[in-house]
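Just the one chain here, laid out as structure tokens, in the form predicted on its own.
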């Protein structure tokens, strides 16, 4: 490989539809009429073998119409989005414990809590807005603990950093739980009143002594003990996590292990005490809330519930399949099997964002028909049969988005889209019409009002109220009041009827990473984000940043010395799935045997060639955080 160009590839904005007459031919410009007619014909041939990839960056209104298109027009629940690659385990874990997949607290509560645990999260880089609230909390006196394999810029703000081995979160959580129980710090009154399975949980964690946890996690027993006591003794505590917890083959179990700690101590359902899964894109929460997932209808209502289906079937004049659809991971597997033949991909770039990216691209090529609707000609769009130019959700579209604290906020059209680009909802509705469903929405407000009519959690959120209050958290069941900023306060009710369903402890066991390190692949690669870049770099690569230095494989000083490499030297990074060439960066925040890379520059260094598609069986999320790699000096290989 020749010396790497440090300037990221920039993507030109799509301004007109593109089609091609065969996969062997290049794209040619088309009219909207031709592009939409081709799209409708292709989808019409694929009934029963269709999948929709919706968009976590687009508005709630777009996601609502997209999932409705899949269910009503195409008759399938095969709809999902990039939440599958990030926070689906959070949704699954929180739903299993509390019946709702949203984070339990507001951002403001982080400013007024006593203790913050940042677990598997470099929030200072990945969630800088939320981290401003964390900093306010620290300035107000909160103590912060960081649990992360790397000593990140977030960890530098912590009172204590617990640098655990990748994939040992459950042993760490179980050891903390055991220590809390043995020290007599468990909130037994809360457990007995509001939870189930606490005795089984106590038996589960009993083997996880501090000394055993130290052996497995690599964290000193005293540090684990200190965190356990600090969390349990705090009057109010926030437990926050990101993809360091979820992007594992057992991501949902990891989430359940953290939730257990809140149930053990009563740090949930009160102002300042709660659980915060931090979402990376602007509308990951909203996409799921709008039903752009295969198992829930809008308002996070279970698709298997007959009454729920009846409500939507009456509203939409259709019949909804009484079964869960395929999630994103399962749709890729169905491509391999040949049972999924057509995909409508809106605003996503799975050819580069999926683990084991070469396999993902091969599966997309195997489709009979692929349509991509986006603002740039991404690597995924380059594989499509039809490309439809859309508007940017954050500046060219009216609507709403929902952030990690469940706050729905307005976004407004500020500029006109370029060329012939059209709003997503207009495109979807015209396609629906070509396929026999006449949908007429006067504007985004009309879509939102339809959503309010079928989602009790959103019923009280009129556009006027959203504007007047500058956003409202769900649930908001009526127009006359607001609910508390935190969820599950019912768990503290004395009346069993008002308390409702108890929260079960998650009885989850340690299961180490699938891709084991050995003599051939001795380094553990974990992946993440950097402050100045975003996702696969399509949106952020075109903007200059004084911080951006392209992709590197980051090693600790000891490993760099052991391999005889220096900063800037290009090396080959190989896993059991493929290899890339990347320059070295030396980071003292890493420990021996641990390397770090991002997926921000896949056109230069395709990190996801290295990652493993070992999926969480509950959530379908891949184990991006734990690949086994080796480092080869290029001079040695040529020599």
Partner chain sequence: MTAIPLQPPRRLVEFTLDGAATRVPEGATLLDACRAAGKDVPTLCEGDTLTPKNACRVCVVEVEGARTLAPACSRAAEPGMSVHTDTERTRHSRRLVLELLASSVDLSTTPRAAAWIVEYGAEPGRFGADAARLNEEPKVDNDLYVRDYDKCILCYKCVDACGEQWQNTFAIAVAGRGFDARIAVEHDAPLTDSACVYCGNCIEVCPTGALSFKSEFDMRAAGTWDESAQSETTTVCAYCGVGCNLTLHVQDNEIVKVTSPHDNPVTHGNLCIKGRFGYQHVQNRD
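These figures come from a predicted structure and were not determined experimentally. Residue numbers count along the first chain shown, from 1.
Beyond the structure shown, there is the form predicted in complex with its partner chain, which is absent from this document and is the topic of what follows.
K.L.:
Where does its partner chain sit in the model of the complex: which of 119 to 127, 323 to 331, 161 to 169, 184 to 192, heavy atoms within 4.5 Å?
P.N.:
Heavy-atom contact with the partner occurs in 119 to 127.
K.L.:
Given that the partner is absent here, does residue 514 sit within 4.5 Å of its partner chain in the model of the complex, heavy atoms only?
P.N.:
Residue 514: no, not in contact with its partner chain in the model of the complex.
K.L.:
Report whether the minimum heavy atom distance between residue 498 and its partner chain in the model of the complex is within 4.5 Å.
P.N.:
The answer is yes: residue 498 has a heavy atom within 4.5 Å of its partner chain.
K.L.:
Answer with yes or no whether residue 546 is in contact with its partner chain in the model of the complex, where contact means some heavy atom within 4.5 Å.
P.N.:
Answer yes; at least one heavy atom of residue 546 falls within 4.5 Å of its partner chain in the model of the complex.
K.L.:
Can any non-hydrogen atom of residue 533 be found within 4.5 angstroms of its partner chain in the model of the complex?
P.N.:
Yes, residue 533 lies within 4.5 Å of its partner chain in the model of the complex.
K.L.:
Considering its partner chain in the model of the complex, which of 271, 441, 316, 463 comes within 4.5 Å of it through any heavy atom?
P.N.:
The residue from 271, 441, 316, 463 that makes the contact is 271.
K.L.:
Which residue, 454, 392, 297, 234, has a heavy atom that falls within 4.5 Å of its partner chain in the model of the complex?
P.N.:
After the contact test, the surviving option is 392.
K.L.:
Non-hydrogen atoms within 4.5 angstroms of its partner chain in the model of the complex: do 90, 203 and 213 all have one?
P.N.:
Judged in the model of the complex, none of 90, 203 and 213 sits within 4.5 Å of its partner chain.
K.L.:
Are there residues in 15 to 52 with a heavy atom within 4.5 Å of its partner chain in the model of the complex, and which are they, in order?
P.N.:
The one in contact is 15.
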